[in-house]
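The form predicted alone is given below as one chain in structure tokens.
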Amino acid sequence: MMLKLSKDKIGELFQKLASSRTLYLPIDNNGQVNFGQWTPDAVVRLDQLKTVKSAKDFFFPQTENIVAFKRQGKDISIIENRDQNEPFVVFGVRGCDARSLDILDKVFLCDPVDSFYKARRENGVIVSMACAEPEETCFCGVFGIDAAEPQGDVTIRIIGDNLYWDGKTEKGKALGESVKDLLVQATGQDLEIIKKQDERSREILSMLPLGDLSLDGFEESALLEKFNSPLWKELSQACVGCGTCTYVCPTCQCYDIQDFDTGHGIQRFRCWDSCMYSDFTLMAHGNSRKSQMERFRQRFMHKLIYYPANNDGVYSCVGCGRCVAKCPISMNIAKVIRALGVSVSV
């Protein structure tokens, strides 16, 4: 059932949601918009199409404590000190970022299940937000994502003077119940307004520069052909291995585990890592991918062939366009798709 709320009551909505759980929204901090915890004086930017980093951080944090060890003589104590997981809402998640959680689920919720990630997924509620005007760097439609009807526990749209609320899952409907005194049922006229904006959004997306990307040729059967393509050398030539693309990507899942001597014991923690780094998965005998070309190839082969080959054809990219916008040498997955999408003779 579609519900609505007058825009001048959005502050009341945030207050109500934050009264029972932690609320995260796109917050402007010195010109940089990222998800942050809501406070009454926060500068909320629901008009920002994409945050610098995605909502991935709330489920797979950039750093997190795993366990600590303390030694007294020959006795070693194991101290459980993981972060406590409390109910929270991530509000204003765009369709690309909402879909990215499905991709992460296939990694962290398969056996053996990552209990840290699982606990956060169970405690978190995703309020996704439809895109009214996708940007030139967007190409989510290439991966079957509908920016006008994003998945999530709740889908919202802001049109004119109203916020429209559509509970999708049991968690989403329960969240709607907690704020039901602020919501009223949408009318037939409202539904027509929503339909027109959705159609316009889809039309814009189809006309964007990257809207015509084709994934033809990236089937599992083309693995060796793509792997051995001579184009990788040319494509990767300017790559500096900075890892920016991996750190802004909502679907990258590489991490490292390290131990740190605190002076009072040992803290084991997990932190994001990047397959673009020369010391990634460094082993006793060295790194199996010694050149930047090999590391560059690994990133895009994983996104476009390795991951889908193991996950029923689902690609490990959601077309958010962050790497398109942030890469310092303007080399990104869209250019790789265009270069390698046509069959290559080797």
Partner chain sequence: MRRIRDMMRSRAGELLREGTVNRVLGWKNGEFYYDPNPAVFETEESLDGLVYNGFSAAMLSKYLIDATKKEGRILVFLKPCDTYSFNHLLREHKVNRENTYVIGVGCDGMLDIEKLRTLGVKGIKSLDENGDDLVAHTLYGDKTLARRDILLEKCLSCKGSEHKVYDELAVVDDPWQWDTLDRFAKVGELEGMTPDERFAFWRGELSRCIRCNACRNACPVCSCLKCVFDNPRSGVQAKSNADSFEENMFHIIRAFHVAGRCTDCGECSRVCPQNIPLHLLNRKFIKDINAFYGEYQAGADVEGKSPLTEYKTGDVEPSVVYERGGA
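Positions refer to the first chain, counted from 1. None of the values given here were measured: they were computed from a predicted structure.
Keep in mind that the form predicted in complex with the partner chain is not shown, yet the notes after this line are about it.
Relative to the partner chain in the predicted bound form, residues Phe143, Asn228 and Met301 are all farther than 4.5 Å at every heavy atom. Segments offered: 216-224, 81-89, 175-183, 258-266. Contacting the partner chain in the predicted bound form at heavy atom distances within 4.5 Å is 258-266. Taking the partner from the other structure, the partner chain in the predicted bound form has a heavy atom within 4.5 Å of a heavy atom of Cys271. The partner chain in the predicted bound form comes within 4.5 Å of a heavy atom belonging to Pro209. Put simply, Asn34 is close to the partner chain in the predicted bound form: some heavy atom of it is within 4.5 Å. Though the partner is left out of this view, Lys335 does reach within 4.5 Å of the partner chain in the predicted bound form, counting heavy atoms only.
This chain appears without its partner; in the predicted bound form, the one residue of Ala238, Ile76, Leu109, Leu191 with a heavy atom within 4.5 Å of the partner chain is Ala238. Taking a 4.5 Å heavy atom cutoff to the partner chain in the predicted bound form, the contacting residues in 119-134 are Ala132, Glu133, Pro134.
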